[in-house]
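Single chain ahead, written as structure tokens, the form predicted alone.
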Amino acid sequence: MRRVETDILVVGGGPAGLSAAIAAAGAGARVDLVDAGAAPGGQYWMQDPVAGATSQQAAEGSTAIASARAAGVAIHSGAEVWAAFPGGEIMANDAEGPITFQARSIVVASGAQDRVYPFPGWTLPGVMTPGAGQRLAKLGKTAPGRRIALAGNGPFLYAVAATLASIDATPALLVESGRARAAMLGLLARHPARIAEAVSLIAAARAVPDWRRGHVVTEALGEERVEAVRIAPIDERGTVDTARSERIDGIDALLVGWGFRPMIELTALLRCRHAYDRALGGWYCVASPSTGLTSVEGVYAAGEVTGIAGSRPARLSGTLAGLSAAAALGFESAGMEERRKGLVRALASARAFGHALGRLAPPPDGIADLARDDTIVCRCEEVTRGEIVAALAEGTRAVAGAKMWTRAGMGRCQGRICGSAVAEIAAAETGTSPAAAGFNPPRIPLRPVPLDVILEATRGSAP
């Protein structure tokens, strides 16, 4: 079994992770970066292994990857972290088998994933998240369909519309629950540097032939795959007016999502402190705004795992965490403290914009109520909403209780997909809040891993 000893291990190769690795290596620390993707970059700086850097974002990522390598960062691509233990021991698995990292400090930059809520028909082929649709478009220039419906809320929908337009696959329908035009204009007035980007994204949304504000998709319809969608108006309190629902035919791809949720599985396994804010994606890892240090000594967090805010805060928080982790290990250089102070100020401003944007476009209250009793909520274990509601009625409580009684969240994804919905169903049925309902405590292995890899890693013997 391979064993790597390093000063700082960075988990995640998106903007936050790469920025942390570059900063820490530049300070003189020995740095390893482990990333599950075939190439680092994450969703925002995604690298197309065939076409290369064909967009500005991909080019920025390519530059960051080159900078990391030039700084001496050892990049381990295609390696999934599946276990973590106190004292800086992290276990991963790649095509060559298990790797154990022993790090003096860890920077967790595990990013985020699409936040979804179940509704009738959401398991039909052709229904996917906006992030998945964008990934198809970025990798291989593949359109998810010929007549695409894009639905949910938040500015990421506009970014996906722009990506699809870049491959001549402009969506036919954009269904957005929000209506906050005046508030958005007020936010941009306070952050004028973001106006040009906003104008570009809004132009992409306006290019969609049918743009419905104040609506949600209530059902995906079809036999073998999605063929139509049903939409309905929603008011500011989250009440869906199904009496005025409308069927739209001729849809062969539905991309629906409600922003992102931080991927906290690793920070939770490391016993870092977490907090809940629905506008920031739900549960997130609490980290110091001046260093990125979490509640666990030697563990730093950066980027979306600390609350959804966007790519610029991710880069700034990554650099700050990398410098802080290096400094704590004694790798300090002239001017480092002044640089860190500048990063703290810039990060505060960038996060203020990102968090305010999130508060303008949270998922509507009651969005989990779209699921009917026979709607599958946990796709891994095929647990329906009715089964979860029945378990709660019989006396179980919270997300962890629903998991034990029904196996919801016990499958391969460990609740990464259904967790938000289970929490909101539990909150509604028991008269509490999603925060009080909690989240699934992660278990080893964090990702599916062959048994022989576990045996080899835990025995610590050579293959």
Partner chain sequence: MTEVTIFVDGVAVVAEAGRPLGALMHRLGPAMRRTREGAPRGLFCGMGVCFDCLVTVDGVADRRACMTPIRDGMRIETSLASGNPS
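Numbering follows the first chain given and starts at 1. These figures come from a predicted structure and were not determined experimentally.
One more form of this protein, predicted in complex with the partner chain, exists but is not displayed; see below.
A.B. asks: Would you classify residue 179 as touching the partner chain in the model of the complex, given a 4.5 Å non-hydrogen atom cut-off?
C.D. replies: The answer is no: residue 179 has no heavy atom within 4.5 Å of the partner chain.
A.B. asks: Taking the shortest heavy atom distance, is residue 416 within 4.5 Å of the partner chain in the model of the complex?
C.D. replies: So residue 416 counts as contacting the partner chain.
A.B. asks: Report yes if any heavy atom of residue 364 sits within 4.5 Å of a heavy atom of the partner chain in the model of the complex; otherwise report no.
C.D. replies: Contact with the partner chain, no.
A.B. asks: Taking 4.5 angstroms as the cut-off for heavy atoms, does residue 126 touch the partner chain in the model of the complex?
C.D. replies: Taking the distances in the model of the complex, the answer for residue 126 is yes, it comes within 4.5 Å of the partner chain.
A.B. asks: Within 4.5 Å, heavy atoms only, which of 278, 138, 215, 274 is in contact with the partner chain in the model of the complex?
C.D. replies: Partner contact (heavy atom, 4.5 Å) among the options: 138.
A.B. asks: Work out which of 228, 356, 143, 71 lies within 4.5 Å of the partner chain in the model of the complex, going by heavy atoms.
C.D. replies: Of 228, 356, 143, 71, the residue with a heavy atom within 4.5 Å of the partner chain in the model of the complex is 143.
A.B. asks: Check, residue by residue, if 219, 266 and 373 all come within 4.5 Å of the partner chain in the model of the complex, counting heavy atoms only.
C.D. replies: Checked in the model of the complex: no contact with the partner chain for any of the three.
A.B. asks: Quick one: which of 46-54, 423-431, 390-398, 26-34 gets within 4.5 Å of the partner chain in the model of the complex, going by heavy atoms?
C.D. replies: Careful reading of the contacts points to 46-54.
A.B. asks: Only counting heavy atoms and a 4.5 Å limit, does any residue of 71-105 reach the partner chain in the model of the complex, and if so which ones?
C.D. replies: Just 80.
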